[in-house]
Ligand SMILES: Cc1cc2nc3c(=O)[nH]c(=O)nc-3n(C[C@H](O)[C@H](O)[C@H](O)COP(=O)(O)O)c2cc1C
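One chain comes next, on its own, written as structure tokens: the form predicted alone.
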């Protein structure tokens, strides 16, 4: 299954794990990369550059295959700008295969010197974006590839609320660099559809969360299997308006409280205790899905089991091939 993404990253299958705070650590990253897909090591799991450096080394003891490092370029109390810049420098120092930027563009947020720094180190840089205009900017300033994410995605979809189905062909027609599709991606049919729309691969997070190697609490696995595509909601439009973003998360008690605070004109001081990352960290460990903002996408409606990573990737590839071959037969191919 060769595409421009498999050739760019030196991977076997055009499937990448997305960034996941508290989840995408060396064990899960390596398990995904060992299948021939692209694992994700999320820098936000770490508090110092040395911690990230050690995590990269640990991942390399678990896999000899390529993996990507996620850096989320948004204002953060725990992860200040200087630390995010250090994360980028560490990735270049360690010559990781690629860096995934999620949030503001590298050139405007970290500094204009950072993309050239990556190029000099032989590190590819990919930007996850939510609009055609941001994809155009990414190509213009020198990114090697982009992920275009429809508003189905969990986490921080763009406020324009445009679907992956519309965005992928629009972006593919507009830029010449490789394009990954995200938002609603969960299985072989998703992969086949993305390729048919012109994407060079897919990025998934929620589906990889629902694998044995993610190591979350059994209660959360049960939630992921039981919830449907209607069980997420979009919130924080007011708080994130300046960034053109919002949050898609599981409908639960915390998100109902968030909605109440927003509707009453509450401020950041009222919201922060509800949406803190520390709450999510505890939920992944302890299993009470009502107690934190869990950024899960609409693809949760396509999750019916908790396979190993190897089982998931193998099944996706087989099902994608089957779907594409069936489509060709329908047209006499």
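Positions refer to the first chain, counted from 1. Source: prediction; values computed, not measured.
Keep in mind that the form predicted together with the ligand is missing from the display, and what follows is about it.
Visitor: Give a yes or no for residue 33: in the predicted bound form, does one of its heavy atoms lie within 4.5 Å of a heavy atom belonging to the ligand?
Guide: Residue 33: no, not in contact with the ligand in the predicted bound form.
Visitor: Hey, in the predicted bound form, does residue 65 get a heavy atom within 4.5 angstroms of the ligand?
Guide: So residue 65 does not count as contacting the ligand.
Visitor: With the cut-off set at 4.5 Å between non-hydrogen atoms, does residue 284 touch the ligand in the predicted bound form?
Guide: Yes, residue 284 lies within 4.5 Å of the ligand in the predicted bound form.
Visitor: May I ask you to state whether residue 317 is within 4.5 Å of the ligand in the predicted bound form, using heavy atom distances?
Guide: No, no contact at 4.5 Å.
Visitor: If contact means a heavy atom within 4.5 Å, which one of 130-138, 251-259, 183-191, 110-118 is the stretch that engages the ligand in the predicted bound form?
Guide: In the other structure, the partner sits against 183-191.
Visitor: What I'd like checked is whether 42, 206 and 209 together line the ligand in the predicted bound form, meaning each has a non-hydrogen atom within 4.5 Å of it.
Guide: Checked in the predicted bound form: all three residues contact the ligand.
Visitor: Which one, 102, 220, 175, 236, lies within 4.5 Å of the ligand in the predicted bound form by heavy atoms?
Guide: That would be 102.
Visitor: Using the arrangement in the predicted bound form, list in sequence order the residues of 1-23 with any heavy atom within 4.5 angstroms of the ligand.
Guide: 18, 19, 20, 21, 23, in sequence order.
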